[in-house]
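Next up: a single chain in structure tokens, the form predicted on its own.
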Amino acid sequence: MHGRAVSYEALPAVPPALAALGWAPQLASALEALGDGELLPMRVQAADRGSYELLGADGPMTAALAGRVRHDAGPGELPVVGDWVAVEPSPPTIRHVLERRTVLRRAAPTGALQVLAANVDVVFVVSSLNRDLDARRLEQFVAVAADGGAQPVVVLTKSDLLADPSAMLAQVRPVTRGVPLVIVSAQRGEGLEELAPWLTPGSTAALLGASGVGKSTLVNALLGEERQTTAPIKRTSDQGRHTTVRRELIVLPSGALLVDAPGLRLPELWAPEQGLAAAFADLDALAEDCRFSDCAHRSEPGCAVRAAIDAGELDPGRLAGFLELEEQTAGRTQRPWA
């Protein structure tokens, strides 16, 4: 039997200098569709008060944002770190923001959508392996990391502070079911090789976590140099101190790109579907056996999740954390990228 040959439209070739920044054939097609051969593809490295630091095939550039782009942008649509933009070279002006594959987003304290970074492949959810470790907070960060389509990976830092981290790990194992977990000591350079599968050339990772958990020290360890300012731990609280002041896209020696960012207090989910599914995969699996497909796991008869709690097979805090995050997003108006 002879099948009919299937033809595929050839996608544009990717120049090596752009591929190193994460450029893809689909982006080339989107740029070509704009119909302006003078526009340059560039990636946002940093943004500061309307001025954008960009990286491209011919090196860095600083550009302004076209007034039309600013005027027409909806919530969360202005360029952010990691975005690919189409730039008019003279004078350097951002004319278009190309479609995003993924976003790292949250609900800002005002309730508005805030996009923290774009086109991120993996989000390293960073927490320190000391007295500041909080399983419920970690759940929330994992959910936010997964919410916009990126792969969350939990990274526990400062393992050198504990002779035996087993008690701390017992707190977070339920939180990280289905999510990769890596333990590192950036000070000693231990465990960093376990991050290598997510730090391949042209891939983009982002750091997400509270202030003082060791993100800047981790960046320096991955860079192999003291680029980011760090501060010693406070002896009275066992907490680190905030040092990073802006979001920035950094090129690592491995060829991967890393978004470093200031620490966040508990960030709120923007939209629950992807984030909650990733952060609470164990609850999702149990819920398949609930009597009702729309079980809210509160007081419904035949709830498999509550049955697991009663049997001692599930930490009741897991359900409490899930319901809390679900309530955060209930009734929130959906916006673009929601």
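All residue numbers are counted from 1 along the displayed sequence. Computed from a predicted model, the values in this text were never measured in an experiment.
The next section is about a form of this same protein that is not shown, the form predicted together with a small molecule.
Partner contacts here mean any heavy atom within 4.5 Å of the small molecule in the model of the complex, and among 207-215, 140-148, 101-109, 173-181 they occur only in 207-215. This chain lacks the partner; the member of Asp160, Asp132, Glu77, Glu88 within 4.5 angstroms of the small molecule in the model of the complex by a non-hydrogen atom is Asp160. Of the residues Ala186, Leu116, Met168, Val122, just one reaches the small molecule in the model of the complex with a heavy atom at 4.5 Å or closer; this is Ala186.
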